[in-house]
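In the form predicted alone, a lone chain appears below as structure tokens.
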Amino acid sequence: MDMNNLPTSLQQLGNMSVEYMLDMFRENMVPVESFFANYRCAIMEIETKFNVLNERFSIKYDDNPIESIKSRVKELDSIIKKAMKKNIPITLESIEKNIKDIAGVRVICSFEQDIYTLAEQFLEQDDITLLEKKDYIKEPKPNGYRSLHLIVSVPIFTEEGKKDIPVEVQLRTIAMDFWASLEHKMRYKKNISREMQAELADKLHSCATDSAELDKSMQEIRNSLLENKE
């Protein structure tokens, strides 16, 4: 089946299920596999850049700002659901053009200041193009979520030539990542009442404030140690 002959919008999909769409994509596994390979390659490029920055920091400053790096490529069913929600054509070309967070890299740092230093040096590289930036550290989400989000484009080299691939990069401290992981688990709990959900949301918001204060205190301690060393 030609991918370009697929239904192109939410209206045209009618009663078609995500499972039906998955079956149609699976009939075209060669282009689908190539599609996902591009995003995996882009992740490798981004991870390498951050690993190199971490190594250079260790030489220049005797310090490694990165605690860990995590990555993921969205599952096909999640991509289709997002395309349907955005009411965009369900084709590989349309998905590539309209969905920018298929590939994701999360960089976990010890200190808040390291996030901005790493982001600045990462974006200075001439093969990285910044597409979008959202600073949820300086302006947290209403629920307390904090992180620096960058949507960037990075070139990869395929058998068909150079191709620019978008990747979402999230930079967080350990405290921010711990809070976000816990909030994610709580959000998808289905066996609790609305009252309990509201109570947990309030507690999580309080924890977000506490974690922000912890990051601030740890940064102050680090600054004091650096000043004493100098």
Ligand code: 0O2
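Start at 1 and count along the sequence shown; that's the residue number. All of these numbers come straight from a predicted model, not from anything done at the bench.
What follows is about the form predicted in complex with this ligand, which we do not show.
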Answer key, this ligand contact in the model of the complex at 4.5 Å (heavy atoms) among Arg40, Lys70, Lys163, Arg187: the residue is Arg187
Honest question, do Phe50, Phe122 and Asp127 all end up within 4.5 Å of this ligand in the model of the complex by heavy atom distance? no
Considering non-hydrogen atoms and a 4.5 Å limit, does this ligand approach Lys82 in the model of the complex? yes
At the 4.5 Å heavy atom threshold, is Lys134 in contact with this ligand in the model of the complex? yes
Interface membership of Phe111, this ligand in the model of the complex, 4.5 Å heavy atom rule: no
Evaluate Ser153 for contact with this ligand in the model of the complex, applying a 4.5 angstroms cut-off between non-hydrogen atoms, and reply yes or no. no
Among 154-162, 135-143, 113-121, 89-97, which stretch has residues whose heavy atoms lie within 4.5 Å of this ligand in the model of the complex? 135-143
Which residues from 94-128 come close to this ligand in the model of the complex, meaning a heavy atom within 4.5 Å? Asp101, Arg106
